[in-house]
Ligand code: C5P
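The form predicted alone is given below as one chain in structure tokens.
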């Protein structure tokens, strides 16, 4: 990749392969990778640990040292991998992600991370629509329901309900940006999806 700044936005449904694809794409491009969902998982973990209500979550969240390294979370200086992937945290995500005050706080952290990185592959559910509307290119990954459930058996059909909830929420709903390239990953491997993305990124005359 040349010295031109490149920020790739990867949004889409749960179980569509966003994390695996984004991590591999970042490796191919030689740029940092950020899974913004980790910020929300950290907030859900704080809620689970403290027992605070959603109304008080933004204030409680601000009282902690928050760090995200790729798709790893750091809370008050300690990596919290297993807890972040727990069912209890996953169960709180719809409620946490719908809170406008928390989203505003996390938005600041997301944009600060990207500004420091310069170039990056950024994965989430509202990157192309809200977090980084000027990112290029934007991809939106989808997959059939049965495929998504099979990829995330620990959550089962709960992930489908989470997507429906996120699509219907008022604050930054899950949806493809108007200029996003939609890729159905149902019958594609990670390598194939990344190859398709690279064709877009490396096409002559981009920008």
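Please read all numbers here as calculations on a predicted model, not as lab measurements. Numbering follows the first chain given and starts at 1.
Keep in mind that the form predicted in complex with the ligand is not shown, yet the notes after this line are about it.
Proximity to the ligand in the model of the complex, defined as a heavy atom within 4.5 Å, holds among 33, 61, 40, 140 only for 40. None of 158, 49, 151, 169 but one reaches within 4.5 angstroms of the ligand in the model of the complex through a heavy atom, and that residue is 169. In the model of the complex, residue 73 stays away from the ligand, with no heavy atom inside 4.5 Å.
Residue contact with the ligand in the model of the complex: residue 127 places a heavy atom within 4.5 Å of it. Although the partner is absent here, residue 85 lies within 4.5 Å of the ligand in the model of the complex, judged by heavy atoms. At the 4.5 Å threshold, heavy atoms of residue 93 reach the ligand in the model of the complex. Partner proximity in the model of the complex, defined as non-hydrogen atoms within 4.5 angstroms of the ligand, places exactly one of 73-81, 132-140, 111-119, 96-104 at the interface: 96-104.
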